[in-house]
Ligand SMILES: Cc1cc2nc3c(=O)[nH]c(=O)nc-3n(C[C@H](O)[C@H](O)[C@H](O)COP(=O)(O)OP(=O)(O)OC[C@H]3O[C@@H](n4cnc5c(N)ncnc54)[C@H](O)[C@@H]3O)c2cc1C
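Take a look at this one chain, the form predicted alone, written out in structure tokens.
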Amino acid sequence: MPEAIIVGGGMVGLSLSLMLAQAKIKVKILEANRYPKDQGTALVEYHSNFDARNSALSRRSIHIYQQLGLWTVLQQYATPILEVQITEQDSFGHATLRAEEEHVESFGQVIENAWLGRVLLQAVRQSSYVELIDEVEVTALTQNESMVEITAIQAGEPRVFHAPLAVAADGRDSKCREILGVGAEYYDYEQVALVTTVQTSKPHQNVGFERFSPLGPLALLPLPGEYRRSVVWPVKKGEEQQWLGEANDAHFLAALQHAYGDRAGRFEKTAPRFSYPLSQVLAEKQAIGRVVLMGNAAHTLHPVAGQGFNLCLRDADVLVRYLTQHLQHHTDIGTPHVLLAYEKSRLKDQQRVIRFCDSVVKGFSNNHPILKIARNVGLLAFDRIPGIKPLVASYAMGLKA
């Protein structure tokens, strides 16, 4: 039976393992952190009142989870986006996308990572094809013509793992990428993302907002519960401290109200804020012999358009399709030329998303009066010129990848 090792058991690694399991490929997941205790058939306990992290799943991502048989469960914790409004603070430009006008059920669905991770973890634990090995520190990775060898430490004891294919999904600062000697292109946006959940006086009505302000692009997305919304707000590095901590709740809500306006009514309550430095990290290679870089180890993007995780799921989906097709005629799952073909097939989609996210951030961070007028004229044109919205909506939903 074909076997693979995945280094990194976050949401990308867990999702990929389930795709591989569906293709009847045995998987070992090596995760540095400790997983929550196994609750059997029950999800790990979680109270959904307020939680900072979330993912905006595109329609393509939803389709992937439907194929895995998980969407019926995930749907309980997700909120559809029926409308998207794009505006800029103190400016005249605006654009609106409506799912009804694009003849789709929704543009995607927002789910808290706390729920997504729990559902994925439960599914992995129930799979006979996947073995979870947590609290593992990878110390070495070597490969030859037929096998990958990974040396690690678990509970102070050395361990060695072998498989004909390894996937490094161990994050932006990937240890595997470093061991393999693969360089990466770094770009520091000099921004920090403030991430939280808020309660507003007006119901969200399944509307998502992207609002550009001098502080940074503010995303406000609907969450389960009529008045709950997620906030992702990139601000200039160094400015985030004034809004972190419970003592600064009122100050944060006032700043959010000023940047966003009154479209959501009053911002009445906020969860604790979390901050994450923002950078773009692009690996120079994604297929190295019998090893594939996946997730943030391959490409870490600015969250401005919420496309990063969706791009990673498309990568995983395509990789499994390549492996499945190859296994119909061959037994070697890690054949290097197949992995190189996978890498080449993904470059167009990846580069398009990378360029889009990067250009949006840089384009709206320049407050020169002429550029600001040009941006707002562009938003108005986008809102009115026939044919543009369906194309943009299709790309955003992951249907044109």
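Quick note: we count residues from 1 along the sequence shown, nothing fancier. Values in this document were obtained by computation on a predicted structure and should not be read as measured data.
Quick note: we don't show the form predicted together with the ligand, though the next part is all about it.
> According to a 4.5 angstroms non-hydrogen atom cut-off, is residue 259 in contact with the ligand in the predicted complex?
Because no heavy atom of residue 259 falls inside 4.5 Å of the ligand in the predicted complex, the answer is no.
> With a 4.5 Å heavy atom cut-off, would you call residue 186 a contact of the ligand in the predicted complex?
Residue 186 lies outside the contact set for the ligand.
> Heavy atoms within 4.5 Å of the ligand in the predicted complex: does residue 212 have any?
No, no contact at 4.5 Å.
> So in the predicted complex, does any heavy atom of residue 175 sit within 4.5 Å of the ligand?
Judged by the heavy-atom cut-off of 4.5 Å, residue 175 is in contact with the ligand in the predicted complex.
> Would all three of 97, 200 and 222 be in contact with the ligand in the predicted complex, where contact means some heavy atom lies within 4.5 Å?
Spot residues vs the ligand: no contact at all.
> Could you work out which of 338, 32, 353, 70 is the residue within 4.5 angstroms of the ligand in the predicted complex, going by heavy atoms?
Checked against the cut-off, the match is 32.
> Select from the listed residues 232, 120, 323, 291 the one whose heavy atoms reach within 4.5 Å of the ligand in the predicted complex.
Contact with the ligand in the predicted complex is made by 232 alone.
> Which one, 323-331, 280-288, 240-248, 129-137, holds residues whose non-hydrogen atoms are within 4.5 Å of the ligand in the predicted complex?
One stretch meets the cut-off, namely 129-137.
> If you look in the predicted complex, which residues in 1-34 sit within 4.5 Å of the ligand (heavy atoms)?
Going through 1-34 in order - heavy atoms within 4.5 Å of the ligand in the predicted complex - the hits are 7, 8, 9, 10, 11, 12, 13, 30, 31, 32, 33.
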